[in-house]
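Below, in structure tokens: the form predicted on its own, a single chain.
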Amino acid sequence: MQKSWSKQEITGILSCRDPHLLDELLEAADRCRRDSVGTNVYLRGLIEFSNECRRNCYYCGIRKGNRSISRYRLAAGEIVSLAMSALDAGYSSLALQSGESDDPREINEVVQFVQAIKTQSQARDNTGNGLGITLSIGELTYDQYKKLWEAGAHRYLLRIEASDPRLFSQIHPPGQSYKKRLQCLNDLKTIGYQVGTGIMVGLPGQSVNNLVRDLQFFVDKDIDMLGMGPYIPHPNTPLYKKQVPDFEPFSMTLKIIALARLMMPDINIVCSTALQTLNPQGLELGLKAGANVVMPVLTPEDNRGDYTLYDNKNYTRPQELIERIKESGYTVGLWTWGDSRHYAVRNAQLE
């Protein structure tokens, strides 16, 4: 039975630095995930198809103002080819990610290659379902989200990054609106997407109270998926070398994942690459904390180094990820979409 968590309880857990409490929390979260969503860890083949971005977020390495990276945009045919290779390898779902653009021509291009991926993968897949598609390409209009939904995308990740409007404004330039971010999340849910959001843990100016608020935000918004990771500074951003909180971001991220699993037992939670970048055991500990989605990077090697949201990004070969998932005592969810169970429950309640 799902437990109700008070603000005081959550604050106490996040503020406590006793390693024994963290161990107990991870054990509880692991039991919860096994009871609620089983031992499957679902794969989302990650294709970072463009690092071009119209935004200037203060924390992000592919921000428009960073002129030290080479910009790229994969051709539609290459994206479709990568998708078919993922399907042949048993990944039944993709995550298509890019910097943000609301240019109608570029959005129409995404619509077209999403349609091509759906059509070709349905013809190639014995089940006829084709590839499941998650998009993470930023703030768009309602109509643009609707076009992408109609093309075949059915999950969307749009991280709030900070649910406190004041902190949100400190990590984004004035032209980016907290209100607009909320509107986009609402639009995605209205259209019918499985909706994902998330935060960075350890941002300059972030407090334990902010993190408590973030967890409550996820519950209140009734989200289906979470993508969260520790904040890793990038040298070509305004936030680089800004004073960060006195808590350790890796262990705090594990706590946030574990509490999210306990508070929202049936959602999907990603074990982020950032978590794996900070600690060699980041994958194993993230899974133990309750994460049940892993995103092997399928971006071409020639472009991978230019998709630098943060510094020193980790890359682990997909086959190694699969072996480590198995060695950790979990089942690799190949040949299945691995949709959020919460989404199914939420939809059933609306009928």
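One rule holds for the numbers: they count along the sequence shown, beginning at 1. Since this is a predicted model, take the numbers as computed values, not measurements.
The discussion below concerns the form predicted together with a small molecule, not included here.
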Checklist line | Partner proximity in the predicted complex: P230 to the small molecule, non-hydrogen atom cutoff 4.5 Å | finding: yes
Check: Counting only non-hydrogen atoms and a 4.5 angstroms cut-off, does Y59 reach the small molecule in the predicted complex?
Finding: yes
Notebook entry, point to check: If you check in the predicted complex, is G132 within 4.5 Å of the small molecule, heavy atoms only?
Noted result: no
Next item on the list: Flag R159 as yes or no: does it have a non-hydrogen atom within 4.5 angstroms of any non-hydrogen atom of the small molecule in the predicted complex?
Entry: yes
Item checked: Single option in I137, L262, V270, L278 placed near the small molecule in the predicted complex, where near means a heavy atom within 4.5 Å -> I137
Notebook entry, point to check: in the predicted complex, which of the listed residues (Q206, S98, S93, S163) lies with a heavy atom within 4.5 Å of the small molecule?
Noted result: S98
Notebook entry, point to check: Quick one: which of 188 to 196, 231 to 239, 208 to 216, 71 to 79 gets within 4.5 Å of the small molecule in the predicted complex, going by heavy atoms?
Noted result: 231 to 239
Next item on the list: Give a yes or no on whether each residue among M200, Y307 and Y310 has a heavy atom within 4.5 Å of the small molecule in the predicted complex.
Entry: yes
